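Have a look below at one chain only, the form predicted alone, in structure tokens format.
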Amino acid sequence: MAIGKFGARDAGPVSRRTLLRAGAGLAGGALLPSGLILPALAEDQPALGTWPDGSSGSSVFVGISVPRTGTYAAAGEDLIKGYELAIEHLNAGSEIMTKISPNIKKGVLGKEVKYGIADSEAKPNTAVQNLTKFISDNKAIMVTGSVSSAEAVADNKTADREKVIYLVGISGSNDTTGKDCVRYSFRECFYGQTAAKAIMPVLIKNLGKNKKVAYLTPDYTYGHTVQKSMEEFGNEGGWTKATDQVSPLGTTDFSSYLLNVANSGADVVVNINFGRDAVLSIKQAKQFGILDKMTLVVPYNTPFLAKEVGADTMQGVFAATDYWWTLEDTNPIAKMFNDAFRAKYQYSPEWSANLAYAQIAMWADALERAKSFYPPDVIKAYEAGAKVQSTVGEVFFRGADHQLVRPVVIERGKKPADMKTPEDFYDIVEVVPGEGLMQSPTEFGCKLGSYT
């Protein structure tokens, strides 16, 4: 585990027992001889998770676990950039942070935010080890990260067991806030159900009805739930499955799967693979000549995909995404975020960086509204469904499943000749409002469980 540039957590936290002993006979919130403030909220609650030790000093610690190696490493590194920029802005009380979290000053509830980063390798077991270490060694009051939905689901269970809030990174599976939802986890990004429901009407309108579809599907919860949702909403336009080629995560040679696609008689190939798997499978499909005969659709767009496979390959391709930087043309907060990100990292942000920034900002907003670090108070602040202004417009968390209600962006790859800059890969076709896309909170089996 690497400790971030803001340093390690302060040593020698004051225990809750010491606080209560020192504050005996004083009203909640009174100044103690040590200069500490007795918490006005939750002061009569027993210790829970890393509370109150994790928030008793002048700073608080958050743990970031993302893949820095393997097939999902590029998105993991982009997430880190979003987290780091958000924490920098949060500690400085920057203007853009106050647009999303209007009650902050500097830090959260007056405390500096410090952080550590660990490589999850997109492996559930490694991710769980990372989170457990952050919680036990650093008394993390919040943990965040993931690119694989399998690690996100494992992180969900770890956070709920340890009673420490977890903010999901990238996770497209319906199950993350469905059957695998937990009280201590919150997801910002779009997912299979919302991606499919947003993109299918656009596909049917532009490509026509009654198409035969070949699916390329990674073999885990993300791939299967996205494929199921795409097939479900495709049926409304008479789209039928010609074949579903399921490959293990980390596949490098897709030739056997692509041969079956080539022989399937499909009109459209829907590539659900993500990260390096998406890059390699699309490049190989191009070499096989499949993309000369079939229309490529990417229902859950990988950050940097167009850059990796080339604008020529992505021209005309429809994709669903969480965020695209040209939203700055209509959204002032997006413009502020993009400008700050470009100044620090010298490229326009992908949706992974935007997601990470938004998760930190909305977490700070929930803390400030709760006026407490006590986890159930923070969770209830999230569950209240307060409307938050963001880089994609007004959003809010649903209390019933902890899923952010947010729009899905549909984009189409530009012809290389139409690109105004080297990063200008997509036109935004439509920004589809979130509320109409989401299933009922219980449809995918979400049961959140208890607060304590």
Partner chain sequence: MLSLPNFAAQAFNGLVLGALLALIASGLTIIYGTLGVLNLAHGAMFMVGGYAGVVAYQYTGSYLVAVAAGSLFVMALGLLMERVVIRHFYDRPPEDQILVTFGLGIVYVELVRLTFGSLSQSMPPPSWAAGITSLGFMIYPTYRLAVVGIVAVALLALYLVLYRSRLGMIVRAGIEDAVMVDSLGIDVYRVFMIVFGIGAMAAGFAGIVNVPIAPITPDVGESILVETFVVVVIGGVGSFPGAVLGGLIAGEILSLTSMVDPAYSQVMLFLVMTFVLVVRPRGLLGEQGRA
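In this text the structure is predicted, and so the values were computed from the model without any measurement. Positions refer to the first chain, counted from 1.
In what follows, reference is made to the form predicted in complex with the partner chain, a form of this protein that is not presented.
Stretch-level contact check against the partner chain in the model of the complex with heavy atoms at 4.5 Å: of 128-136, 98-106, 167-175, 67-75, the positive one is 67-75. Among the residues 311, 207, 381, 279, the one placing a heavy atom within 4.5 Å of the partner chain in the model of the complex is 279. This chain is displayed alone, yet in the model of the complex one of 94, 326, 243, 348 has a heavy atom within 4.5 Å of the partner chain; that residue is 243. Remark: none of the three candidate residues (369, 397 and 440) comes within 4.5 Å of the partner chain in the model of the complex, counting heavy atoms only. At least one heavy atom of residue 255 is located within 4.5 Å of the partner chain in the model of the complex.
Interface residue remark: residue 343 is not counted as part of the site for the partner chain in the model of the complex, having no heavy atom within 4.5 Å. The shortest heavy atom separation between residue 283 and the partner chain in the model of the complex is within 4.5 Å.
None of the heavy atoms of residue 236 is located within 4.5 Å of the partner chain in the model of the complex.
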